[in-house]
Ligand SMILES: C[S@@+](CC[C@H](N)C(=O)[O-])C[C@H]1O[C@@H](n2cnc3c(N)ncnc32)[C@H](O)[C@@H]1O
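Listed next as structure tokens is one chain, alone, in the form predicted alone.
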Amino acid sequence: MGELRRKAGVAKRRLLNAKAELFPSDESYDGKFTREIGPSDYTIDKNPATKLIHARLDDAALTAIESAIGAADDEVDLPVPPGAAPKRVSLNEHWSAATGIERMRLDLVLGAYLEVPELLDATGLSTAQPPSEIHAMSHTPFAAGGGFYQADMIAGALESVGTPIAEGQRVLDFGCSSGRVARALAAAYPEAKILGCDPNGPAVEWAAANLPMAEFSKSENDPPLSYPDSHFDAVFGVSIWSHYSERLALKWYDEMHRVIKPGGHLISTTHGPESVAFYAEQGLRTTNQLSEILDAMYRSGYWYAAEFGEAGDWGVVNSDWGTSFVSAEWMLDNLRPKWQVAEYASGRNERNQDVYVLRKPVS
């Protein structure tokens, strides 16, 4: 473990030493938006999606939500690291302990789960939840209404590079599954057109049938998408490029370049050195494997394993879909100058995955 931590520390120093290269001067792009965000700077995320939706709730709606949560007898298991004692709490206990933005999110999530009429009328949130046989990141009450954390991360990243989601824009959730992020963004920004695509047929079919606030379609494992050139103002993929082989990652980055407008942005989350530290602390991967991953990032910048095997991932069978880790140097070497790096945030996604905001040059 000591050797692994030493390697992780070396990886972070390499990223800092590469900072000047990661954010070069470029007269064709406004330099004030080209920057790195570290873990101590996460307050830059203003949680715009959650706050936009929550602001529609008046005192009567908030009182109705509190009353419904207080009357509920549901209990849920909170996530804990492997080997830790289970932690089970009531919805009211969890809600009462929350403050700030977490309380706001729980107002929306639990209000949707408990089908509070005042909340549904004010926000346009849907109570539909995918059944257990349909892929979703969570099937618990905390998944009701949508993925507000991720919606805040996407909307906040676009705001921080100077292009907030606006009326008439087209925004694609690439790898949308059953629509958890798309539905939250559509509720927050009804004036924009939110779309989603995914190769998981049953998941997108469920989303298309149950979430009319966004538009969903099935995509294939390999490019191209069915959309025309320069169709989207922004595209985001949450925990998508953290699963591609190097071959397929590059093909899909090229396809994103095709479908995004000049001046538009791609938000891509990837595993990096911060993820190695995260998995080590949580005990989710062995020390030997994490050491192997770091060594691969040193040597070539990319580590990939087809970890889903012949069974596939929820019915999606693809030898180029497994788990990947990528260094910032690899991103620079392979994506520039076709893409400009508008923002890089180490560990921004749940203190685990790195978040890159890539800009398609205007010319």
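Start at 1 with the first residue shown and count on from there. The structure presented is a predicted model; accordingly, all values stated were derived computationally and were not measured.
Separately, the form predicted in complex with the ligand exists; it is not shown, and the next lines address it.
Asker: Have a look at 232, 95, 189, 252 for me and say which one sits with a heavy atom within 4.5 Å of the ligand in the model of the complex.
Answerer: Looking at 232, 95, 189, 252 one by one, just 252 meets the 4.5 Å heavy-atom criterion.
Asker: So which of 167, 75, 220, 121 reaches within 4.5 angstroms of the ligand in the model of the complex, heavy atom to heavy atom?
Answerer: Result of the distance check: 220.
Asker: State yes only if every one of 245, 307 and 319 has a non-hydrogen atom within 4.5 Å of the ligand in the model of the complex; otherwise state no.
Answerer: Looking in the model of the complex, the three residues 245, 307 and 319 all stay beyond 4.5 Å of the ligand (heavy atoms).
Asker: Please determine, with the chain shown alone, which of 274-282, 210-218, 159-167, 232-240 has non-hydrogen atoms within 4.5 Å of the ligand in the model of the complex.
Answerer: The contacting stretch is 232-240.
Asker: Check whether residue 258 has any heavy atom within 4.5 Å of a heavy atom of the ligand in the model of the complex, and answer yes or no.
Answerer: So residue 258 does not count as contacting the ligand.
Asker: Report whether the minimum heavy atom distance between residue 176 and the ligand in the model of the complex is within 4.5 Å.
Answerer: Result yes; residue 176 sits at the interface with the ligand in the model of the complex.
Asker: Quick check on residue 141: any heavy atom within 4.5 Å of the ligand in the model of the complex?
Answerer: So residue 141 does not count as contacting the ligand.
Asker: Determine whether any heavy atom of residue 198 comes within 4.5 Å of a heavy atom of the ligand in the model of the complex, and answer yes or no.
Answerer: Heavy-atom contact with the ligand at 4.5 Å: present for residue 198.
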